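Given next, in structure tokens, is a single chain: the form predicted on its own.
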């Protein structure tokens, strides 16, 4: 198309992020024209209640999202969230050859394949940098900059609400419930924090990260998910005593198994759960509502991406970056990168995934207790990495950290230990990450 013709943009949704997108499009109109090579024109904004959006020009507002998508626009930007009507609207746009920019992690985690196939069929672009980690440039490096490398692991903090809560628990010693209340009061937690604190938000993002990193289609239902509501002040204190801190981590890793004949098979393990990490680890210092993702690749080595992971302006920044990219492609009649799912690696069940455990036990303070506990570990072929025992008047505290073992073996070990007569209580069980195994 000619550089004199404007790139016409339709915006679906005008909440916190959408309002910032409108502001940036207006404030940076001249710069965007120079960067794209053509004017970028916002032609309409689909909302449910036009009277609630007095901050944007009234003539741009419409309640008919379908008509807006079907109008003479080049790019559809979606920031309404959720599965429907976003899925139907974006498929409609892509099938009509209109490029799409979306920040919708839940939609991508469930229907990325369907959207990608629609984009491929029509030659349209599908960009979604804002779906994971807000303003942090993360997905494009995975999709483009590291396309020539072999990524082995992606591990990160991808939910600001839970990171704020766990960071506050670590610094104040307060419990989960009171810290959640404080997060809600300060605006870091939603009125219904379930998606954040139960790990659903992070699981959607983990599915997207794994799909890009390992060239394999991974959905949210493939991700093992645990939230932070069971993390106690005692867990945080125990971590401190061991020189660790607790974070809710999204972990995506390539797992290689070697058979007796020397042949190897690969699979992908994707999980979200709280874990202890050393305070020396780069992710340990990520506090408040910030996000950070640690990437390991064969040739590039170790990298960390850090910054504002949520919020209107940071997320809108990522949306605008994608909009500039797809608009440039329209100007030069080019196309962005397509979905890469050629590897099609199997997703490894959590029970077979190698992890490490930190266990805190209340046990009877008498001779032979450690031997009985150690025998259970040996029975399940789980190796002990470290033991710390502290005696009290009538009982003792026993802390054990394991080497890596299949999750199912570790869980069976814990279950059997809990039934030993010498064990009064399994006080806490938490996974350990970020250390040599």
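Numbering follows the first chain given and starts at 1. Owing to the predicted nature of the structure, the values given are computational and were not obtained by experimental measurement.
Another form exists, predicted together with L-homoserine (HSE); not displayed. Remarks below refer to it.
Practice problem: Could you check which residue among 115, 310, 151, 208 gets a heavy atom within 4.5 Å of L-homoserine (HSE) in the model of the complex? | Solution: When L-homoserine (HSE) is considered in the model of the complex, the option within 4.5 Å is 310.
Quiz item: Within 4.5 Å of L-homoserine (HSE) in the model of the complex, heavy atoms considered, which of 253, 196, 74, 322?
Solution: Residue within 4.5 Å of the partner: 196.
Quiz item: 334 to 342, 116 to 124, 176 to 184, 197 to 205: which one contacts L-homoserine (HSE) in the model of the complex at 4.5 Å, heavy atom to heavy atom?
Solution: Selected stretch: 197 to 205.
Practice problem: Using the partner position in the model of the complex, report whether residue 105 sits within 4.5 Å of L-homoserine (HSE), counting heavy atoms only. | Solution: Close contact exists here: in the model of the complex, residue 105 approaches L-homoserine (HSE) to within 4.5 Å, heavy atoms only.
Quiz prompt | Non-hydrogen atom contact residue 161 with L-homoserine (HSE) in the model of the complex at 4.5 angstroms | solution = Within the cut-off, so yes.
Quiz item: Does residue 266 reach L-homoserine (HSE) in the model of the complex if we count a contact as any heavy atom within 4.5 Å?
Solution: It does not: once L-homoserine (HSE) is placed as it appears in the model of the complex, residue 266 has no heavy atom within 4.5 Å of it.
Quiz item: Within a 4.5 Å heavy atom cut-off, is residue 144 in contact with L-homoserine (HSE) in the model of the complex?
Solution: Looking in the model of the complex, residue contacts with L-homoserine (HSE) do not include residue 144, since no heavy atom lies within 4.5 Å.
Practice problem: Could you run down 220 to 245 and flag each residue that has a heavy atom within 4.5 Å of L-homoserine (HSE) in the model of the complex? | Solution: None of them.
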